[in-house]
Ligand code: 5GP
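Shown below, as structure tokens, is a lone chain in the form predicted alone; questions about how it binds or moves come after it.
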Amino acid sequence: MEALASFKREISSPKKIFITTHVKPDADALGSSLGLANYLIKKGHDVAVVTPSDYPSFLDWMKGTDQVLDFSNPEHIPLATLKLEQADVIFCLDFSVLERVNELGEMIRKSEAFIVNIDHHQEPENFADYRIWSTKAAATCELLYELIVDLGDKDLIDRDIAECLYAGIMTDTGGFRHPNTTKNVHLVVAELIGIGANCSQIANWIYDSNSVNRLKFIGFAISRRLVVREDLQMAYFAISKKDLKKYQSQTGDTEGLVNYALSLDGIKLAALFSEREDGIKISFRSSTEVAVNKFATTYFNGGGHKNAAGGKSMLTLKETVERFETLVDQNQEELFQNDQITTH
């Protein structure tokens, strides 16, 4: 209660506020950041939203994207750095480890500002003065909605804020298909729709806004890069830098690709390996009974949720895939048992 009272005091009068989220923001990351920013602006605060990297163009419709500072853009770094240095309050949204914001992490760690962490991922790092954290929440946007309501400001949630929050909840539940789609999720999104969130339009913006190159890339990936190992109940895509360059891949173009592998009959574990300049980015997905987060944490410097996690590798693409196949083979009993970790 003392921490909550301290937090309320920090935002009770106009402050300089810095909001950031994880690298390569998805709809929950950017939606919570901009939803919070638009709310705090209404409260009279001076707000800056800074992302560690760029984000998918299909999120450009969110109110405030034209003001977002991208810390990977040299032109944005001086102003973003100044905003961080001047901040009274720093909000860290949709991540629980400072490593997830690249070089911004150490800058935040050294800051004397009041730090607030709002997140739903497992194993949080202890860096915040006040934390709103629950692995039972489907999305950070769900926690943020509840925070605004708890602060007595539900009437300040307008259509723009509601649509940012709805987008984050919709995507982090896989379009309300994942096991984290709880009764509370439906109650919250019902409120957001009541406020004015256009659910069909949001789904169209996020799921049905494809470039020709992206559709060709998906077709290529499914026909040429999908590997199915029925003996191991798993399937995966291995995408090289050459593949990405061939189809002029943009941020967000690989989003959702791993789900095609998981959709195959008999497949309980799916992965997407994407070769990047700084190593191999890995996305894991699994069926309800398979806890992929522990696998990602143990073997691939990652983590996440029970059925959706990420990781990375500094090996070559070929070496990473070979290691993955070997590890799945060696850990079948542990991976595919039903009682590994309870769902979040």
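The numbering used is simple: start at 1 and walk along the sequence shown. Quick caveat: nothing in here was measured; it's all calculated off a predicted structure.
Not on display, but discussed next: the form predicted in complex with guanosine-5'-monophosphate (5GP).
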*in the predicted complex, which of the stretches 300 to 308, 59 to 67, 314 to 322, 39 to 47 has residues with heavy atoms within 4.5 Å of guanosine-5'-monophosphate (5GP)?*
300 to 308
*Residue among 100, 214, 83, 268 with a heavy atom within 4.5 Å of guanosine-5'-monophosphate (5GP) in the predicted complex*: 100
*If you check in the predicted complex, is residue 286 within 4.5 Å of guanosine-5'-monophosphate (5GP), heavy atoms only?*
no
*Can you check whether residue 294 is within 4.5 Å of guanosine-5'-monophosphate (5GP) in the predicted complex, heavy atom basis?*
no
